[in-house]
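Coming up are structure 1 and structure 2: the same protein chain in two forms, each one given alone as structure tokens.
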Structure 1
């Protein structure tokens, strides 16, 4: 379980990016965080990852206060898949093995299969020994995402953070990445920043963030029925879907 208790954070004294945020992410459940651009979603993720340490309030993972942990220890419990994936100028197999440097080749390939990456890897020039180039330039965006998911599957951390992992992908790539994410999420505690409706509609809980504050909590249908800010975001998504044939929540 992850808990934020009256958490506030600011770059300066005059403006809080996050203000008195209180919420719980239950163990083994999927919780989504939505809100307009600039509402503070990424700041919350960075706080949870320990990138900022000057916040007010308490952040805990399990029964441990994050401020009292060594970050290297805390991060063992977390796998992150974001929209900007960093791959090293090395082979595919070694890029995946970063999730667990002691993993065997068979374990790496099993993770790739669960991430729907095995087939496209075999079709590259040298298979698992293909050099991906700096930042994975030899691979498409969807392929890089699946490599990152394979890496996270191999790490097998109990907490998964997903930072808009399908927001920049086309429909075909999104399908495969979404299938891979479902394998990654099994029996994990999942916290996701979401743009696309397909990423959040079946979440156990959705948190709506606005101006650095949690203003709504609930399941998709409950929040739509309440007719408040989440419903407005949902209507915006529908309009964008009609215009661009995409499902994006802004």
Structure 2
């Protein structure tokens, strides 16, 4: 279980971005975090990863208080697939191996298969030995995401933090990324900053962040009925999937 208890944090001294924020994330469940742009969602992820140590309140992972851990300790338990995916100027295989530097080539390729990246990798000039980044081939957004997912699958950490992109990929790319994420999420504790309706619908719990606090929580159906703020966010922030000519409304 992950627990935030009265956590406050700000980038500048004048005001608290995160302000006495309290919530729990159950082990093995999928929890979605929603909130307006700039409300502090990514900041909550960074706090959980131990990037900032000047927060007030308590953050715990399992029975451990984050403040007692070294940064490297927290990272062992967490894989992040973020909004900006950083690829090094190196081969595809080494970019994936970053998830676990001790992994064999076969283990890297198995992770790439689960991340739906194997086929497009084989279609590049030198396959797994193709250089990516500035000096090599440029990958599409969906391909980069799948490299990041392959990395995370290889790392096999029990906690997955997923910061969903705010804009949708094209339908086909989106499909492969979603399949890859499903493979990554198996048997993990998943905490996702969600913009897609399908992600939200599939979550065990949704947390609504506003003014530094979780102001509403529950499942999609409950929040659509009772969540005042959720309903507004739903209209403005959430990407509805369009399949064929139909918009799917739940």
Ligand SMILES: Nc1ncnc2c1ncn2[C@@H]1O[C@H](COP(=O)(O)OP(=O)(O)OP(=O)(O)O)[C@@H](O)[C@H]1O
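Residue numbers count along the first chain shown, from 1. This one's a predicted model, so the numbers in the text were calculated from it and none came from an experiment. Take the two forms, superpose them, and find the largest set of C-alpha atoms that agree within 1.5 Å; that set is the rigid core.
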**OP:** Just flag whichever of structures 1 and 2 is the form predicted together with this ligand.
**Re:** 2
Subject >> Shift in Å of the C-alpha at residue 12 between the two structures after core superposition >> reply: 3.5
